[in-house]
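Starting off, we have a lone chain in the form predicted on its own, written out as structure tokens.
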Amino acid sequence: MKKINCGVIGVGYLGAHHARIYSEMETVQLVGVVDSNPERAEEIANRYHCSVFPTAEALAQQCDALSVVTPTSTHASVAIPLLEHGCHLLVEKPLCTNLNEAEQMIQAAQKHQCYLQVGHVEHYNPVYRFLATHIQKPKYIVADRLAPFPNRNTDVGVTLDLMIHDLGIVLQLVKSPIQSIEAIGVNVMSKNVEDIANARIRFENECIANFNTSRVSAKKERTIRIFQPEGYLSIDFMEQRGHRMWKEDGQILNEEIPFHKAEPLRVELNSFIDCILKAHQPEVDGYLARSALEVALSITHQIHNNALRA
């Protein structure tokens, strides 16, 4: 069986999971890791039986594919040289911090014939697969994503950190141009970026979507409720469960939706490797990630402009 030589750049909390899953995949040889913290790199390398490399470029010379799990502000500067080297990349979301960088990354991938997949992991959650096949004409959507303040470094606000997951999902489900965006947000634990955000998006097809996001919550929640002419669906991304209600012969029917549970990150990494082995484009490519980033940046700018006016 052909194996893909892989590595991970950035092995903090999430990057360590990339290394773990790669080390368990039959189609992958985990070659090594890179991290700005040498002790952390050594810890993860020893745990998953691979090598520590001094730089991303050095690791790229030994790999076919790499996961880039570094701070968002560094994604473009890390990824573009690796794409120029000819490495296929899975870059964690968000793709980067601005649309100019996004375009540079997409163009670099095209020029050097590399796959560029972006880590919008909820697209690989079994519950999203159900939504993608059962949502036809959504009229009203409510997406709630709450989390405690992260025990990790983050260089972006909650819109780019968390809400962008739901933005990518809703854009794919609604499939309509955006008519308007209204957004508010506040910082609580962070100094210069928002920790709580609310956005309301009106689409040209008359669908309305409300997004409620917080990373200063006492509990975790990742849910979406979708109303369409045929009925209503409520989905829990975290618990991978849901139910639907619909009207039939004058009666309101309600049923649980059966899901085959799976670890979304494992599904995502398997899909990434499958793209390389079978030569097909990623489900979440640079273009999809760029569209979600564009909306997230619009929301972020509106939040910051409102804060300045206040």
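Bear in mind the structure is a predicted one, so any value in this text is a computation, not a measurement. Numbering starts at 1 and runs along the sequence shown.
One more form of this protein exists, namely the form predicted in complex with a small molecule; it is left out here, but the text below deals with it.
Novice: Pro138: heavy atom within 4.5 Å of the small molecule in the model of the complex?
Specialist: No, Pro138 stays farther than 4.5 Å from the small molecule in the model of the complex.
Novice: Determine whether any heavy atom of Gln228 comes within 4.5 Å of a heavy atom of the small molecule in the model of the complex, and answer yes or no.
Specialist: No, Gln228 stays farther than 4.5 Å from the small molecule in the model of the complex.
Novice: Any chance Thr72 has a heavy atom within 4.5 Å of the small molecule in the model of the complex?
Specialist: Taking the distances in the model of the complex, the answer for Thr72 is yes, it comes within 4.5 Å of the small molecule.
Novice: Can you check whether Glu92 is within 4.5 Å of the small molecule in the model of the complex, heavy atom basis?
Specialist: Answer yes; at least one heavy atom of Glu92 falls within 4.5 Å of the small molecule in the model of the complex.
Novice: Picking from 174 to 182, 195 to 203, 72 to 80, 129 to 137, which part of the chain touches the small molecule in the model of the complex when contact means heavy atoms within 4.5 Å?
Specialist: It is 72 to 80 that comes within 4.5 Å of the partner.
Novice: Which of Cys114, Val121, Val142, Leu146 has a heavy atom within 4.5 Å of the small molecule in the model of the complex?
Specialist: When the small molecule is considered in the model of the complex, the option within 4.5 Å is Val121.
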